[in-house]
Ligand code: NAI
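In C-alpha cells, one chain follows: the form predicted alone.
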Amino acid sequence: MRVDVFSAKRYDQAFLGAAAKDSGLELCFHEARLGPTTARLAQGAAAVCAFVNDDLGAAVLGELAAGDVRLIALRSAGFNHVDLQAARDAGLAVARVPAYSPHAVAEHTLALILTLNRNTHRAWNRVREGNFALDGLMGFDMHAKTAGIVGTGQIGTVLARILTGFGCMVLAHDPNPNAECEALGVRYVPMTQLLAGSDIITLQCPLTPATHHLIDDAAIAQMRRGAMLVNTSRGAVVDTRAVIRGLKSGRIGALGLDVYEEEGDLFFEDLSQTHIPDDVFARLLTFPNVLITGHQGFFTREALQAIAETTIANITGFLRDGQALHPVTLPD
C-alpha cells in the first residue's frame, strides 16, 4: 500500500523509513507541502501523511478523496489545520500522534527560559568578538520565583516537575486540574491571578476557539510588569501584534517563541539567502529581549522515533481493520 508523505525532510525519511521497514508500506516522500497544487501527487495513494503546516482544508481534502486516498495520518498532536467536517463529508479518516515526548517540549521551554534569563545567546556572540563585558547580561535566580503554566497536560506536567525542581513556586490554569501537578504543590488559579502573579508565564495549552489569542492586549495588561512570556504550544494562542505592543511598553520583559501564528510561510525552510516576507515577524527580531526558535521543541531523537512509530501504527491499523490507533473525530 502506498503512503504519500508531504513536507518530508531528511529526518522524516530516516525515522519513518525505519518504522515502516517491516510494515509492507510503500512510502513516497514529497519535500513539497501539501496544498491545492500538490494534492494531485497523492492520486492512487491509500493514505497521506501530513505535518503541521500542510493545507488540509476542504478543497485539498476533496481532491485527495477523489484520488482514492482514505486516510490522513498526521505526524503531529495538533489537528487545528484539518477541516474535520470536510474530511467527514469526503469519507476521509484522520489520525494523529497524541503524545510522543512531553519531555522534549518541556525541556525546550526550559531552554528558552534559561537563555532569556541569563542571556547566554548574547554572551556567546560577545565572547566570540572578544567582548567579555557583563553589562546587559544580568539575570535573576529562578529559585523562589513564581512560574505560571497555562495548560497542564502531559507537557505542562513535565514542565511543572522541572520548575518545582528549580525551587519555583508554580501556579497553573487549566479547566481540568491535574492531580500529579497538585501533588507537586502546584496551585490552580484563575487566569487573571496567574497573569498578575507570575514572573514567568509559559503556554502549554492546545489551540481551540477558547484559546485563540488567549494572550491579547487585555491579558498583557494584567501581567506583572517585566514578566517573561514563553510560548511552545501553538502560535495563534498569542496575538503577535499585541505582544509587540507589550514589548514596546515594557510590560513584557522577555519573550520566547518556538511557534508563530503565521509560521506556515517561514518555519522548516531555509530563507537565509532571501528576505523574510513577514513584516510582523521581522519586527519581533529587532527586540534584544526576544528569542525565537523555528518550531523545534519536538525535535529530539526520542520524539521523532515515537512520532514515526505511532504514525506507521495508525496507518497499518487503518489499512488492516479500518480503524487507526489514534483517530480524530468530530464530536457527536
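Treat the numbers as computed from the prediction; the structure is a model and nothing was measured. One-based numbering along the sequence shown.
There is another form of the same protein, the form predicted together with this ligand; it is not shown, and what comes next is about it.
Engineer: Pick from D174, D199, D239, D83: which has a non-hydrogen atom within 4.5 Å of this ligand in the predicted bound form?
Structural biologist: Of the listed residues, the single hit is D174.
Engineer: Looking at V259, L110, A227, M169, which is the one with a non-hydrogen atom within 4.5 Å of this ligand in the predicted bound form?
Structural biologist: The residue from V259, L110, A227, M169 that makes the contact is V259.
Engineer: Hey, of 100-108, 161-169, 127-135, 217-225, which bit sits against this ligand in the predicted bound form at 4.5 Å between non-hydrogen atoms?
Structural biologist: Contact-bearing stretch, as computed: 100-108.
Engineer: With a 4.5 Å heavy atom cut-off, would you call M142 a contact of this ligand in the predicted bound form?
Structural biologist: No, M142 is distant from the partner.
Engineer: Considering only heavy atoms, tell me if C205 and this ligand come within 4.5 Å of each other in the predicted bound form.
Structural biologist: Looking in the predicted bound form, residue contacts with this ligand include C205, since a heavy atom lies within 4.5 Å.
Engineer: Considering only heavy atoms, tell me if G148 and this ligand come within 4.5 Å of each other in the predicted bound form.
Structural biologist: Although this ligand is absent here, G148 would stay clear of it in the predicted bound form, with no heavy atoms inside 4.5 Å.
Engineer: So, in the predicted bound form, is G253 in contact with this ligand at a 4.5 angstroms heavy atom limit?
Structural biologist: Contact check for G253: no, nothing within 4.5 Å of this ligand in the predicted bound form.
Engineer: Taking this ligand as it sits in the predicted bound form, which residues of 153-175 have a non-hydrogen atom within 4.5 Å of it? Please list them.
Structural biologist: Going through 153-175 in order - heavy atoms within 4.5 Å of this ligand in the predicted bound form - the hits are G153, Q154, I155, G156, H173, D174, P175.
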